[in-house]
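Listed next as structure tokens is one chain, alone, in the form predicted alone.
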């Protein structure tokens, strides 16, 4: 019984993720989620009493997955440059599998900034910096990277990988005229964004 309940909850969560990504918080209905999961609405309400509660759970998981892309920072076996290359390779690969995620996150950040603000508070920037400083003291000094620069650096890294997905329709219209395939462009971007960032830090 417990295993069946777990599977049902997982099915609900997967369906909710799909519906919220497609329609957003405002456009999604609990009925849509229940139908997608193949259950009745009463059972959905048993697991999640409100759409807002279900949305919060989905949003925190999806946003958390984006933050997880910074996990390589804590791998002491990688140089700073290797970590930058790893980040872009893994982050862009993740977005290839979840192309609607950037628009969803950005829209919901603007719709309800307080929700995202609470999520950000869980991210320990000081611990992140302490790890970087301990592992890469000489490299940080070489590139003139300080604690104060960390927000700028992190937002720049994220923007270089997220923007192509957030602006895909716009870019594809341009690329069509140039004879460029968007998927080929994304594959090349994994390396280009990393080398661009490393060269910018060396200046």
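Positions refer to the first chain, counted from 1. Keep in mind the model is a prediction, meaning the values are calculated, not measured.
Missing here is the form predicted together with a further copy of the same chain; even so, the following discussion is about that form.
For residue 185, a non-hydrogen atom is located within 4.5 Å of a further copy of the same chain in the model of the complex, even though that partner is not displayed.
Under a 4.5 angstroms non-hydrogen atom cutoff, a further copy of the same chain in the model of the complex has residue 120 among its neighbouring residues. Within this chain, residue 66 lines the site of a further copy of the same chain in the model of the complex, having a heavy atom no more than 4.5 Å away. Heavy atoms of residue 172 reach within 4.5 Å of a further copy of the same chain in the model of the complex, making it an interface residue. Taking 149, 57, 30, 39 one by one, only a single residue has any non-hydrogen atom within 4.5 Å of a further copy of the same chain in the model of the complex, and it is 149. Residues of 106-120 that come within 4.5 Å of a further copy of the same chain in the model of the complex, judged by any heavy atom, are 106, 107, 109, 110, 113, 116, 117, 120 in sequence order. Here's the thing about residue 23 and residue 169: their CA atoms end up at least 3 Å closer in the model of the complex than they are in this form. Relative to the shown form, the Cα atoms of residue 171 and residue 27 move together by 3 Å or more in the model of the complex.
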